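Quick heads-up: the structure tokens below are two forms of one chain, split into structure 1 and structure 2.
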Structure 1
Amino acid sequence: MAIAREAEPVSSLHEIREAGLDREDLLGMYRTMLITRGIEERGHILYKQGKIPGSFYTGRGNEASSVGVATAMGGDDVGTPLHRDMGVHVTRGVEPWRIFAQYMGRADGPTRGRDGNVHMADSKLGLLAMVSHLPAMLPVAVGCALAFRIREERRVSVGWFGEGASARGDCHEAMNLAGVRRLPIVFICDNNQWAYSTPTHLEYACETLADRAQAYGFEGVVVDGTDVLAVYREAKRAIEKAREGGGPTMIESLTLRMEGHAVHDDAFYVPKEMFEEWAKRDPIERFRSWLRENAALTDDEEDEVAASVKKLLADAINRAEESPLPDPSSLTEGVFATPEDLDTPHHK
């Protein structure tokens, strides 16, 4: 028997209004989900065209989860999104052209060509750039929450991890410290059922990962990660609870990774029926139908959103391609920080 609570779906516009979103917000989220998927689809094409060096990862199937959580965050909240969480960057306002520049190793990418793919973040938007090592950003996210607690600020940190990475000790140390000190943090588990080729039963033996929250002294919730509104509502509850001093929450967001681990992987090990079943719960399609049924989304509105997203992405790619490649003479610049680097809002 699972211990964690299972989240309910959101069944009306009225219900979601109570959770803090109006119709315009919903249309915005829909657009953000389209941009998120669009960035990754176009990135995939650029990759095949040989314009993106290295490897290429997408979060197809995770758009609802990433956008739902990010929408629930406050402007001053911070987070450590991962390689399936493009929607977090887009929701927080990263301009798509900079993401393409990052993919292509250009000087105008957020890491100025020093790192690739989703290993990026705009710290001014409250995001911290992930490292490859998973889930090494969880202790860092806890440290952000610790700073908020020390300074008694009403801010919340959000830390993401995959169900595979839940097996590493960083996850335990982070959650244990957060629990012991009741820090203002929300842990989001992107459970997409695969860690590269490894299925869940070879990563953990409990029924749900959210069950583990109890062992750390806080609440665990399982939510359908293809339902953007359910994700949003649970994330909002957890974030506001943390803000009020109620301590951490772990939200396990269930999805399926709809592509291979990265472009090189055809996911032959995932049963075909599994993809077919989860394709019926495509997060964007689900939300579109919900909006038509519950929020009177019209054909015109749909067309308008689709066209504006298409243009945005085309312009973004053009602008990114105009960005220069980094100058090799800058190789060792920025290994060490200078005192001027501390001249940021965070360090005042």
Structure 2
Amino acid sequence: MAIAREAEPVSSLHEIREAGLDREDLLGMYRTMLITRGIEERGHILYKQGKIPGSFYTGRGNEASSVGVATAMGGDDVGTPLHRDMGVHVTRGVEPWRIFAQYMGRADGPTRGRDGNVHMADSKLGLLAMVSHLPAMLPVAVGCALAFRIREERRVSVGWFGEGASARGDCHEAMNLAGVRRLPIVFICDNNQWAYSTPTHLEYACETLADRAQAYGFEGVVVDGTDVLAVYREAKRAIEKAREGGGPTMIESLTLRMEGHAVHDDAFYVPKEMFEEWAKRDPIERFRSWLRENAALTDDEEDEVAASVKKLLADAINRAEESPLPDPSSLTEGVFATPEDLDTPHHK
């Protein structure tokens, strides 16, 4: 029997207004979701053209979860989004052309042509770049929350991980410390039901991963990750609770990875019926229908948004392709701390 609370869907425009969003905000979220998917769709094309080095990862099916959580974050909050969370970067303000530049290893990408093509973040926007060793970023997110507590700052840290990563020890250690210290952090589990090719019934024995939160001393919530408004509402509640000293929350956002683990994986191991069922719950189509039924989205508005996104992304690719490759002589810039950095105590 599940222990965690199961979130209800958002039923009306009135309910979402109470959660702090107006119609303009909703249209902005819809546009951001279109941009997020459009970036990754065009990334596939760039990869097939040989313009993206390495492999290529997407978060198709996870747009509602990433955009919903990021929209709920405050301007001074910080987060550690992963490779399925492109919508977080877009929502926080990373320009699409810089994301394409990152994909192609160009100097104008967030990491200036260093590291992997999805290992990116703009620290000026409160984002910390991921590493491949998941969920190694959770202790980092907890460290940020601990710093906020020590400094008495009203800021919240958000840490992302997948259901497969939940089996690792650093996930347990991060949640244990956060629970003991009642730190201002929200844990977001993107449960897309496949840890590469391993299904959830071979990953964990509890009914929901959010059930584990109670053992760490805080609340667990399960939300439909294809419902952007339900995700936003639950993330907003959890973030503001943490900001007011109420401690952590774990939100399990249930989705399906609608493509393979990466571009080299055709996901042959996922039952066809499963893909077909979750395709009916496409987060963008679901939100478009909600906006038509509850926020009077018109054909003209929809066409205008789609056209603006198409132009934005076309211009973004052109600009990114004009970005130079990094100068090899700058290889170590921004990688190692300088003597001047070390002269400043880290606690100041």
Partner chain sequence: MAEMTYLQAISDGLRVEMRRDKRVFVIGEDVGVYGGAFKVTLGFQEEFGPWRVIDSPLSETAIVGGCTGAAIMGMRPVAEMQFADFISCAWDQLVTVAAKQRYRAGTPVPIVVRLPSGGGFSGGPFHSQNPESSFAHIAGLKVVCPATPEDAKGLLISAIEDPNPVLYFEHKHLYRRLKADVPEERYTVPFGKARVHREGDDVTVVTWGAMVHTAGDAAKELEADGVSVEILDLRTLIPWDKKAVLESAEKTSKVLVLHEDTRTGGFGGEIASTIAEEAFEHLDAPIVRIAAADSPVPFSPPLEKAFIPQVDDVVKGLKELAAY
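Computed from a predicted model, the values in this text were never measured in an experiment. Between two forms, the rigid core is defined as the largest C-alpha subset superposing within 1.5 Å. Just so we're on the same page, residue numbers count up from 1 along structure 1's sequence.
Student: Eyeball the pair and call it: which is the form predicted together with its partner chain?
Tutor: The chain shown first - structure 1 - is the form that fits the description.
Student: Spell out whether the Cα of residue 20 moves at least 2 Å between structures 1 and 2 when the two forms are superposed on their rigid core.
Tutor: Where the cores coincide, residue 20 shows only a C-alpha shift between structures 1 and 2 that is less than 2 Å.
Student: Rigid core fitted, is the C-alpha displacement of residue 9 between structures 1 and 2 2 Å or more?
Tutor: Not so; residue 9 is displaced by less than 2 Å.
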